[in-house]
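Next up: a single chain in structure tokens, the form predicted alone.
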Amino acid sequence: MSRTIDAVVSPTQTNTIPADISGQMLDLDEDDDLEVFSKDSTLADGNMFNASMQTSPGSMVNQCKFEEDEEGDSKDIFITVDNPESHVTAIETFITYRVLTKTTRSEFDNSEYEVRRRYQDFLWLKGKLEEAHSTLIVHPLPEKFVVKGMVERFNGDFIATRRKALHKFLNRIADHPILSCSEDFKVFLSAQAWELTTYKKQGPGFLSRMGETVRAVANSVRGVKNRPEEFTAIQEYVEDFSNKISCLDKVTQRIVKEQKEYLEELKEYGPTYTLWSGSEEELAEQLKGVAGCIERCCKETEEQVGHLSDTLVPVLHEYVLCAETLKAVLRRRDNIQAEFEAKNETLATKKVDRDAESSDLGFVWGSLLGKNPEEARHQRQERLDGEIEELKEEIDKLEDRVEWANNALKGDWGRWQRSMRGDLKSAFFSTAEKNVDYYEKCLAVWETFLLSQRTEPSEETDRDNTP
């Protein structure tokens, strides 16, 4: 395990950031409990229909193959989040999810665990990981679902989406060489509900957390004077990435909304032709044929919209949240460096004060106060020497902390980029393949209709000659 950790935070591990990333950028929400759940909502996932037509065998997309994850064989912890259940108490209604874990790690007492967790437990785990590893990138949780001005129940789609996001969240932690070794993560996976509640109470008190918050705010206000260029480049990349992924996320969600509206209109469109065929005997065959084509295209459109909602939209929005997570990680790194710089400034001030005590000015002030000047000077110098030694020790520790934070972020930055590019590439390929499949099937439907309406010349002549 130590070898893996060293590899991640090794100071020699660097990642080159292109000077011009605009050409390489990919133009591109999940949840604290509202604690409201519809008791009669359906949680089962189901397909609306089966595809009725085959994709063209000549499709180039069908020939695309994805490389398998080379790290898959070394995976030693497997987690599944499933089986959401509603729980009703006197003051709230909330949802829990079953978390199944299978592992071969020696630090676990058993090889399999089954526990139930609510969203607040996932939120606690994320907070503990960020607290212990401030410059490692912890992937985001689904956003908090807020209903303003109305009472609304969780539906099956919402719960299914949240469950998938929580499943992905835990497995990303399990795949991380450092985060997966966290004691908090182990307790989350293995402890029963009452044990987890007891464990949570062992954390730092309110005043301690408040002190950390105040210190972080002070460092943030003070700012960093000498940020390394590589982290400035990362910050610029993240800002650019955030703008592009947010734009693409909004446009994609708008497209999905419009396609759903189109689908509803399409469902009303076909029956109109069917009704019309009842009053147009000469056009009845053609009208019914068009109605059938619309019905089949309607089914394909429904599947295509569902695929877009399940495949592309969640990935894009996950990385919108990831961009905000990255900004927070960079701020925490800056805060650590700002504290280090502030301590150095304080040390320099203390040294100046100590030197001033050796001057005639210190002698004069001691005489005015009626003290033995030499004794007073000696006491002040001893006090300053002690403060300076304490500051040096703090600075040494902060210097180590800054170095660890920088190396940890650099290692995780490369890991995050590989993960991001792989996820987006997979989502784009899958979306492209589905689009090709959708348009080929719709094209085949209408081509079949046209072929059915063609008549041979001899048949047309006989029809014309019929008295």
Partner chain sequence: MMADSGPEEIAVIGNTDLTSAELENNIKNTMVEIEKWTSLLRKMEISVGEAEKRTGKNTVNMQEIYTVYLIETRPVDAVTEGIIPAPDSLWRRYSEFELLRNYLLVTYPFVVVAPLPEKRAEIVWHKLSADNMDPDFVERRRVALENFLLRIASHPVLCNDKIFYIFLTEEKGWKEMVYETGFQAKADSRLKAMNAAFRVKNPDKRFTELKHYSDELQTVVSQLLRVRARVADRLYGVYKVHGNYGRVFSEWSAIEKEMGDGLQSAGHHMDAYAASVDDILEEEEHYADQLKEYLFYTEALRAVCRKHELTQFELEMAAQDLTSKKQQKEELVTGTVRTFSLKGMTSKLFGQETAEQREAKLQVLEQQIEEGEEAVKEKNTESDEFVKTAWVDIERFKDQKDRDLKEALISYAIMQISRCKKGIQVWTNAKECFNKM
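This is a predicted model, so every value here is computed, not measured. Positions refer to the first chain, counted from 1. We call the rigid core the largest set of C-alpha positions that still match within 1.5 Å between the two forms.
Another form exists, predicted together with the partner chain; not displayed. Remarks below refer to it.
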Spot the stretch among 326 to 334, 258 to 266, 135 to 143, 184 to 192 with residues whose non-hydrogen atoms come within 4.5 Å of the partner chain in the model of the complex. 258 to 266
Single option in 158, 340, 108, 237 placed near the partner chain in the model of the complex, where near means a heavy atom within 4.5 Å: 237
Exactly one of 290, 79, 196, 129 has a non-hydrogen atom within 4.5 Å of the partner chain in the model of the complex; which residue is it? 290
Mark residue 254 yes when one of its heavy atoms lies within 4.5 Å of a heavy atom of the partner chain in the model of the complex, and no otherwise. yes
Taking heavy atoms and a 4.5 Å cut-off, does residue 385 contact the partner chain in the model of the complex? no
Considering only heavy atoms, tell me if residue 424 and the partner chain come within 4.5 Å of each other in the model of the complex. yes
When the contact criterion is heavy atoms within 4.5 Å, does residue 272 count as touching the partner chain in the model of the complex? yes
Listed by sequence position, which residues of 411 to 442 have a non-hydrogen atom within 4.5 angstroms of the partner chain in the model of the complex? 420, 421, 424, 425, 428, 429, 432, 433, 435, 436, 439, 440, 442
Residue 109: Cα shift of 2 Å or greater between this form and the one not shown (core-aligned): no
Rigid core superposed: residue 243 CA moves 2 Å or more between this form and the one not shown: no
Residue 229: CA shift of at least 2 Å between this form and the one not shown after core fit? no
